[in-house]
Every structure is written in C-alpha cells, then in structure tokens.
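There is one chain below, alone, in structure tokens, taken in the form predicted on its own.
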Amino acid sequence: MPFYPLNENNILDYLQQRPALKDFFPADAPVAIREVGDGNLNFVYIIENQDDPENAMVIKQALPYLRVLGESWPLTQERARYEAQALQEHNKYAPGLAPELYDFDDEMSTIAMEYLGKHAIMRKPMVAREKFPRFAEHISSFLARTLYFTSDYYLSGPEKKLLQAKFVNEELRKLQEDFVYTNPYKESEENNWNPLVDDEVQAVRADTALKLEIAAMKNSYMNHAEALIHADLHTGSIMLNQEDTRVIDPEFAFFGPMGYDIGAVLQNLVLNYLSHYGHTPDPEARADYQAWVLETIREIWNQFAAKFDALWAENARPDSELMPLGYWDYPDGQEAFAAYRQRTIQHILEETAGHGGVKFLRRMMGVVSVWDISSIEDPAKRAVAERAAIHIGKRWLMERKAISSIDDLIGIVQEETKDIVV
C-alpha cells in the first residue's frame, strides 16, 4: 500500500490489514489510542485494551522528515527497517533487554512492538533522584553481548561482512557525523546554546588541539566498523523499573566503534549528575544521588569489561576473524590471548572517553541538548552544569590516551565539580 501517516482515526483499520496484528486485540475490546512520541524523528502510538491493560502494543512510524526540525529537513524512512533489524539482533544476543518485535511493515515504515507499560524512560526519574539498583548489571550485559557477538572477535569474516551490509544506515549516520562531530564546532544555523556559556563555546571552536582530536573521533565514528552499535544509546533510549531494563529506539544502528555506545551511556549519566546542581538544592540529597550516579558509572564499565572478556574467552570460535582459536595454540598462548583481550578492552575504554567527550560538547552547543539540563529554568544555574560539562568533555577527549581505568574518568568529573557552589 502507498505510505500514509497514521493517526488516532485510522490506526485500528491499519492493524486489521496486517496478518501478524489483526487478531492482537479481541474484536469487541474497547481500545484506547494515544500518541506519545517526544523524540526527534517519529510518531509513536500506544494502543491499549482498556479492559485488559496487559493487552497492548506500540506502533512506531517513521516520517519522511526530521520531526524536530520539520518538513524542511527531509529524511529517509529506511530508518524503520534498520530499527526493526537491530531489534531482531538485540533480542537474539541480549534477550530480555530490548522490546519484543511483533511486526515490521516496510511500505508504511511502521514497527509494532511490545508495550512497556510498567517501565519509564530513564531520564526523568533520574532528575527526580530515583535509583535503579539493577541498571548497571543490565546495561553492561546489553553492551557486552550486543557488541561482542556482532564483532570480528566472535563472527567469521563473511558473517560479519554480510551482517554489516544490512546496516549501512547512510542517512542517519550522516546526521550524527554532522550534528555530533562537525556542526557544533563551527557556525551552523541549527546550533543552540545558553548565552551565559558563550565564552566556552567560542573557546572550543578556536581550540586547534581540541578540534584535531574531535576530527580523530569523527574518523573513528566513520571508519571503525567494530560491531553493531545502537548509536543513540542515552537515558532517553532506555526504559526501566526497579527490576527490568530495556533498550529502545535503535534506528541509528550501524557498524561502528564500540566505545561510542558505552561513551554515550556514561556521558548521559554524568550530565544527569551535573543537572542536580540546578534541580536539587538540598546539598545532602544532591551529594547522595551524585555518589550513586558515579558508582553506577564505575559498575557499568567494570561489569562490561569483565563480561566482554568472559564472553570472548568462552565463545571464541575456530573461524572467528580476530583471532581464531588456533592462533593461540602454543605453550604461552593462553596468557597471550588474555593479554590481547585486555589490550582490546583498554582500546575500548579510550574510545569510550573520546566519543563520550565529544558528546558532552555537542550537547552543550549543538542542535539538541538533554532534558536533564535544558529543564533547569534558571539560565545561571543551567550554565553551572553546562560549563562543567564542557570542561569534563574536553578532558575526557584530550586525556583519553592516558586513561587506565574508569576511575580516571570519574576522577575528572570529581575534579571539575569540586569547587562548584550553588
């Protein structure tokens, strides 16, 4: 059928045309429909049986333009296919950590998936200082499993290349190349920043050493096809509760540097840490929650590193591309294999710092900020968090090759915030 935008009036008729969906709701069920998309790209509808709230689904439709900027920014609807494919891979390698996929309609650019009614988008509960004791365990497992099992450390060369060919995602990659690594650091009409940090913005744009390193990270983003990455993995792309965590919205997925996903998660947690200088006036409550955020960052990395290493040691195949088991078949081979795994994990940490550092900067001076900080109403209080984010981002990026542990990155956060008075 030709594409048409779904709305509250036509979506039930649309479901009846899809064999996988037409019997999802009982024929006489009172169905409620609401549009809840608050992202930058798509419409998102929740369809719910009012007599049975467990009987519900989400329909996500990709528009032919960038929703946040309107029809003047046309955008391919291929992103729906990439998201559906990514959900399949995530459910294959990290079952229970992504929503279940029910149906994908290429012509209508729609995805039908599990409704996570008992979960919340992570960002707002964190501003309200809610703690999630199992988050580090869950997100580290998602990262370790999705990154390891789609990499050359597990797959054969042909397997990796065939999978990679399914995730070219050229248009959304170009969007990130421009909006993360290029436009914020030069004159560009969509850039936006708090005038109270204009001096920091102009200093970044004129810092030759810094811009050389940003260019190096853009090169990494464009050319280091290490694994299938989510490529938009922030606290707005995570739904969770006290017991369960799900990663959503993988429409940017492509084969890129592993450190990009990890850096995005850790950087978003630090931005939340900084937001409490504006959101939490009580110093004891602020310090308590910020300590939990930093410990969560530590646990995410340490658990990721341990899980990634264990997956590699336990699942290396004779035909894996980097490196096949026979390569280590000599008297000191197992020690060498362990050293190679640790060298690789150290490389991922450096890339985590580099890509995370760039993402700090782009959030403070590019087209899209984060709600944690943009929701601080007082521009002066917001500038406190923004200025610290810029300083931390620059240091994560510039000092990445000297980083030896996650404690070094946490130490930078602590050093750059120790003198903040609000």
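Keep in mind the model is a prediction, meaning the values are calculated, not measured. Just count from 1 along the sequence shown to find any residue number.
If you look for the form predicted in complex with another copy of the chain, you will not find it shown, but the lines that follow are about it.
Residues placing heavy atoms within 4.5 Å of another copy of the chain in the predicted complex fall in a single listed stretch, namely 162-170, out of 289-297, 162-170, 125-133, 101-109. Residue contact check for S141: none of its heavy atoms lie within 4.5 Å of another copy of the chain in the predicted complex. Taking the partner from elsewhere, T182 is found to have a heavy atom lying within 4.5 Å of another copy of the chain in the predicted complex. Y153 belongs to the set of residues with a heavy atom inside 4.5 Å of another copy of the chain in the predicted complex.
Although the partner is absent from this view, N223 contacts another copy of the chain in the predicted complex, with a non-hydrogen atom inside 4.5 angstroms. Think of it this way: in the predicted complex, another copy of the chain has a heavy atom of just one of D332, D198, E243, D282 within 4.5 Å, and the residue is D332. With the partner omitted here, the residue from K92, R317, K186, K118 that has a non-hydrogen atom within 4.5 angstroms of another copy of the chain in the predicted complex is K186. For the stretch 309-329, the set of residues having any non-hydrogen atom within 4.5 angstroms of another copy of the chain in the predicted complex comprises E321, L322, M323, P324, G326, Y327, W328, in sequence order.
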